[in-house]
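Here's a solo chain for you in structure tokens, the form predicted alone.
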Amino acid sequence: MHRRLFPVLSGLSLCFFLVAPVLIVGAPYESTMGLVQKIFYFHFPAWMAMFLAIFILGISSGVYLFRRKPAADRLAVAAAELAVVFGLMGLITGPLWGIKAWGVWWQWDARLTMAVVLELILVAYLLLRQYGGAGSDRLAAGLGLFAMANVPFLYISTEIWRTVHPRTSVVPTLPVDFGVPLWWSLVGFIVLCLALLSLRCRLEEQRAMLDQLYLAVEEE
């Protein structure tokens, strides 16, 4: 299944990313931020792709905890790695935008702090899987659920606390000239995330098969 999904999803993501620069260049400049505002067309979709990966991580971790399905555990590991990558993209593009928009690289407001904490939770998940030893898969699954539980709080943080970020209600109300390239880029990032997820799951399946072969050789 993963072999069939990856070529289709990768082809779709390539189409989206080839067209996206044309739409972004054609989008008007924001009145106060000018050209730097166009980082938003990469910053916001990267975070949304990270959120998708985290929800896949959390749901798969829950399935593994309660049903003990190895396939769910492999999916969780793959999703966690992608969540770290897309989260890092968001953390890099954010300060590049912030230095021009707000005059500072970083402020420890609610959303920014929660974003860093969430990224550290994801990194902790991967470190636990790599070096935790026996039983670390179940402990990491609990950490995956904890990461998913943090996503809604991060998303609505601007509605609860006063932060330098605009409120979440801004995105759905964007004018068409700004909205079309944003939603196009968002779909492109989502499709790319799914394409990489299918490829990464395939790698985890092959790794599990290799481990079984090693065990079989040792038992002989």
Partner chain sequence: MNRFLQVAWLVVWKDLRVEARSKEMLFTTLFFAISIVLVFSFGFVRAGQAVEGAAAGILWIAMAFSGTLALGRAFERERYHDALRGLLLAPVDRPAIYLGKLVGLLLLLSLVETVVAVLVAFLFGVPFFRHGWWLFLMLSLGTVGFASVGTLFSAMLVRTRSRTVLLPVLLYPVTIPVLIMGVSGTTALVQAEPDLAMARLWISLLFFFDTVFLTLALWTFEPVMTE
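Numbering follows the first chain given and starts at 1. Just so you know, these numbers come straight off a predicted model, no measurement behind them.
Form predicted together with its partner chain: not shown, discussed below.
- Note on the partner interface in the predicted complex: the residue among F55, W183, F44, F153 having a heavy atom within 4.5 angstroms of its partner chain is F153.
- Proximity to its partner chain in the predicted complex, defined as a heavy atom within 4.5 Å, singles out one entry of V84, A78, A115, I121, which is I121.
- Looking at W105, you'd find every heavy atom of it more than 4.5 angstroms from its partner chain in the predicted complex.
- By the criterion of a heavy atom within 4.5 Å, L65 is counted among the residues contacting its partner chain in the predicted complex.
- Interface residue remark: L145 is counted as part of the site for its partner chain in the predicted complex, having a heavy atom within 4.5 Å.
- When contacts are judged by a 4.5 Å heavy atom cut-off, L91 does not count as touching its partner chain in the predicted complex.
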